[in-house]
Ligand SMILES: Cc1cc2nc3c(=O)[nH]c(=O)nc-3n(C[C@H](O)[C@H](O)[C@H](O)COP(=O)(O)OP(=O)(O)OC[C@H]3O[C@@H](n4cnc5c(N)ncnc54)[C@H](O)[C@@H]3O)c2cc1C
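Next up: a single chain in structure tokens, the form predicted on its own.
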Amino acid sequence: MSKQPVMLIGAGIGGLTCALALQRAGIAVKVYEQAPELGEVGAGLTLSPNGSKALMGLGLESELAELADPPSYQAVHHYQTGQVLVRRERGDLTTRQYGAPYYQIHRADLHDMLGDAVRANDPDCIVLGHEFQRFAQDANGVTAWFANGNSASGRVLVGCDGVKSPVRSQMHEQEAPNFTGYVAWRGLAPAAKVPAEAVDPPSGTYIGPGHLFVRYLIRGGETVNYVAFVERDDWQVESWSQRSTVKEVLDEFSEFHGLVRAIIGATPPELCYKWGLFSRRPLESWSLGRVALLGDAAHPTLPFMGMGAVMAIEDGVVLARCMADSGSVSEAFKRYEAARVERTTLVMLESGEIIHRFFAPDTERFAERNNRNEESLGLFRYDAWQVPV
């Protein structure tokens, strides 16, 4: 292939994973990010074994072991009584079964880890302050234009720019994200300010009619990360994420167990946010000529299976492998789509279905209908480094 760089639009987790994988394959890469500084907001995320394995293959095994938390087990609880409805063993068992740990980590810590690794290979790889506007392509390459008046050229362009992806919007005109009818709050609370039993087990979910509360420990057990979901149809603000109040979350979850409310009540006011969940239709193809999509730009995934970030990580590894092993751009993209579209579409669809089982009115019968989940679908066994491409 040409020695022109691969251009990645967006320095999120998927974009940085892909950049690092391309670097390790000896492929020139440039990452263009609209933010003036490299950083990540938000709270925690889960890395199921398939995601951990992909990152470990990038040489990040020791960093993950230092910064991420492997829960010993997880439990699904009844929202009012706290009764354990389903228990899932993690810890060493997960590593023995799937070849990598199940981790919980702060999104910013993972983002910094990836950014540091990319810059260690090439200090100039990540170009900040470049808001993507449009692209044009021909038989020889792609040119991207940015809001600051600059342009850049490369052999291909990959949109790693999220569910609102401007790259995808140019590839598929008049297609906008749709509000799903779900609203979520995310918060971070000091573990020292909640009862010890509120974080036992270190990863727990409380389910009830139309409501879901997920909480787990991060940063060495010092912080409780939580996400609280409700089914609502009143999201009317232009911003997809906005500051919320602790009282609003407490009011919405007024019928939930006291341990849930203790975690919510311990949230510092400045660490409580609310956002609407948006989705787009699954695509049969993620590429157009020399332009392709990755992560949420290609397959925006609802968070109910904890697989959104992991799918982007897998994409980044597989795309880099395809670029390294193919003789042309068209061949690389064809192999990339063949390896990824079916899997990510399954995760998209299953993530949209599992919430109905969480939200069902007969909460006490959840275990009876929990027959389709991440493990029963075999998602944890996937290895982005070994899957045929």
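A quick note: this is a predicted structure, and the numbers were derived from the prediction, not measured. Just count from 1 along the sequence shown to find any residue number.
Only in words, not in the display: the form predicted together with this ligand, which the text now covers.
Only one of 34, 345, 326, 363 comes within 4.5 Å of this ligand in the predicted bound form through a heavy atom, and that residue is 34. Proximity to this ligand in the predicted bound form, defined as a heavy atom within 4.5 Å, singles out one entry of 307, 125, 249, 260, which is 307. You can rule out all but one of 249 to 257, 87 to 95, 308 to 316, 74 to 82: in the predicted bound form, only 308 to 316 has residues with a heavy atom within 4.5 Å of this ligand. Interface membership of residue 292, defined by any non-hydrogen atom within 4.5 Å of this ligand in the predicted bound form, is ruled out. When this ligand is considered in the predicted bound form, residue 11 lines it closely, a heavy atom lying within 4.5 Å. Taking non-hydrogen atoms only, residue 198 never approaches this ligand to within 4.5 angstroms in the predicted bound form. Taking non-hydrogen atoms only, residue 160 approaches this ligand to within 4.5 angstroms in the predicted bound form.
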